[in-house]
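Given next are two forms of a protein chain, the same chain in both, each as structure tokens and marked structure 1 or structure 2.
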Structure 1
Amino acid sequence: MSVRAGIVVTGTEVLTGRVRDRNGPWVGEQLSELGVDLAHITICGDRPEDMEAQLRFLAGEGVEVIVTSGGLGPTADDLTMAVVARFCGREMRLDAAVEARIAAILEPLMKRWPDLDPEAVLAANRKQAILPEGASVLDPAGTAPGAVVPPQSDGKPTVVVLPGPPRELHQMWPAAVATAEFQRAIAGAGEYRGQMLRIFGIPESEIAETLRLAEDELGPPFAEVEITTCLRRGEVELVARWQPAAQATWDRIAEIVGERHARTLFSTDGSLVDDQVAELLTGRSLALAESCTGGLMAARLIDRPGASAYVAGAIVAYADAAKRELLGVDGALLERHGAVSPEAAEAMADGALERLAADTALAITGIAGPGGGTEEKPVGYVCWCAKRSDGALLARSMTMPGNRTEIRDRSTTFGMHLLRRLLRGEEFPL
């Protein structure tokens, strides 16, 4: 028997796209680790009738748990707690202990801002201490408490009410999970195992064919493993989830994937190519020369822990004059082959190696758009060169589809894989 859950993300700012939802996917991942199947993530604005409609919808889908995020602040449009109480058939009551806790949290704020009217502030935040009767109260990580609200009648789900700011939600989640109400609601959850495989250099249709072959070989047991695929940044992510009894089935599926995609399967533990490259750069120094990507390659590598130990530096050179002056690229070469060319990419890599005194370099030059392309070199034409100071080199040129953002993003991913191959001493078959 499986336990199903739904998530309701509230907030007009999220619904309209002004704020990106970071809570729904995070809570979904936490539920999955508990063996709970996520059925739906919904987003609604700060209107009580819409919130209640989402709760009714999820209850109608037969979920045992609903997690809400947002709508717990002191302002009039923060109505989630009242809506959940009504949905669960519970009265709202002022919790004096919670009110005192909020007052203590606000005290330092009022000292920093002496012009604030303390009575007005406390009155506004008193609203946050009015909670459903019979709920387990979750101590606030900001000023808003959360709650785990069991239904008054059978047949309705337990509702976990959490704040909208991700930091506060993350901090309160363990307390919510530990409550007796939550544990009763997920009592039927099963044990699941999971694994992510990452593949670079094939279309999703190829992995779909691989999975069809696996299904033909394994027959009905294949369905015991839940598999999803996603194309992201030019990489295919294959995510599998199964119960312990299906371990042998998954092992065979993973083996088939490995056999058919031995040259392009680069991660069997879910690790990112960025992290693999960072590890391979241990004890080395890397120089970057970027044109169309505008420093995005450097940003991805500098994001990794300990980057200062292996990133010697990055030079972003768009104009021909910058390529000449900063990277020492020969002007005659640029005149003859163009700034976007395999020859220019290699010259940029050589310049980065020399100017930044590094032993490894990656250069990227291209036409990301929206204009500037020609028939010979259209928008999306990009050239890469990865080179070591000992002369080892991997270089590629191709035309990539997409808009400016997509071309730049995919260009950095391709650059990562070129670097990975160079540092591992491998060919680049793509």
Structure 2
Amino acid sequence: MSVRAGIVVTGTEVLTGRVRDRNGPWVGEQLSELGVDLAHITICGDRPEDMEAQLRFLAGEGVEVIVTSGGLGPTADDLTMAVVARFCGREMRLDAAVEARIAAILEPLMKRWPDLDPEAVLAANRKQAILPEGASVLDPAGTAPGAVVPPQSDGKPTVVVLPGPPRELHQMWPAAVATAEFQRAIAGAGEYRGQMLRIFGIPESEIAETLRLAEDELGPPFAEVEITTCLRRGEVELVARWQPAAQATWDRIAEIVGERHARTLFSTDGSLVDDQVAELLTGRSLALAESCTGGLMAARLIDRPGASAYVAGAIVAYADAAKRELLGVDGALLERHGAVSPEAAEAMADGALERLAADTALAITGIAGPGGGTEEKPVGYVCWCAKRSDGALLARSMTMPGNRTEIRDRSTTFGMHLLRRLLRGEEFPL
């Protein structure tokens, strides 16, 4: 038996794309770990009728659980609690204990903004203490409490109401899951297993062909494994999900993928190339020299906690003068080969190794566009050089498709893979 869920993301700022929704996917992942199938994410603005229509739609599709995010704030357009109460057929009432709790939370906050009128702040937040009767209240992580609202009758969904800010939502999720209402709603969720394979350096159509071969060999049981593939930041991701009875089928599919893509399959345990590079850098000291990526490569590496143990630093030598002064790249070399050339990339790597006293360096120089391209070196032409202080080196140059942002982003992915292969002592096969 399978338990299905839907997620309703509210907020005109999300609907219109000014704010990216990060809650839908996150909640979906948590549900998946609980064996619950996410069927739909729906996004609406701050119009209550649209939100109610989405709740009805999801109920009509037979989902057992609906999770909403957003619309719990102090402003008048934050209406989620009231809409959910109406949908579940429950009255709204002021919860005095919750009101006192919010007041206690606001006290230190108001000290940070001494110019504010405390009465106005309390009034703005009192509405956050008005909650559906019969719901389990979830303690606020910010100032907005959430709720798990049970259905009035069997066959209707249980609604989990959570705030929009991802950090608050994450913090309140375990309490929501722990409620008796939620556990009742997901009783009967089946066990699923999952695995992700990551491949770098092939087009997506190649994976489609591999899966066709697997289907030819395995016949109908192939369909017992749910497989999706997608291209992400230049990597092909293959995600599989199956019930325990289909384990042998998946094992064979994974084997076929591993055989056909032996040289390009780099992750079978969910690890990102970023995880692998971080692991490989343990005990080493990395220096970066960036031109077109302009700090993105450093930012991507330093995004991980603990990066200070192996990232010495980066030199973003965007102007030619900076390449000469900060990285010691020979002016004559720049003149002869150009600032975007394999020669410049290697000289930048050498400069980074020396100036940052590091044992590993990665240099990236390229033409991110939209201007600056020539016939010989068009927009998208990028040169990478990964080098160790012992002289070992992997270098590549190629022209990447896409716009400025895409070229810069994919250049960091390519750089990660070059670094990974250098650190593993591999040759780069592309």
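C-alpha atoms forming the largest set that superposes within 1.5 Å between two forms make up the rigid core. Only a predicted model underlies this, so the values are computations on that prediction, with no experimental measurement involved. Numbers follow structure 1, counted from its first residue as 1.
Shown as structure 1 is the form predicted alone, with the alternative form given as structure 2. Superposing C-alpha atoms between structures 1 and 2 reveals a rigid-body rotation of the smaller part against the larger of 9 degrees. Core fit done between structures 1 and 2; CA of Val177 shifted by 2.6 Å.
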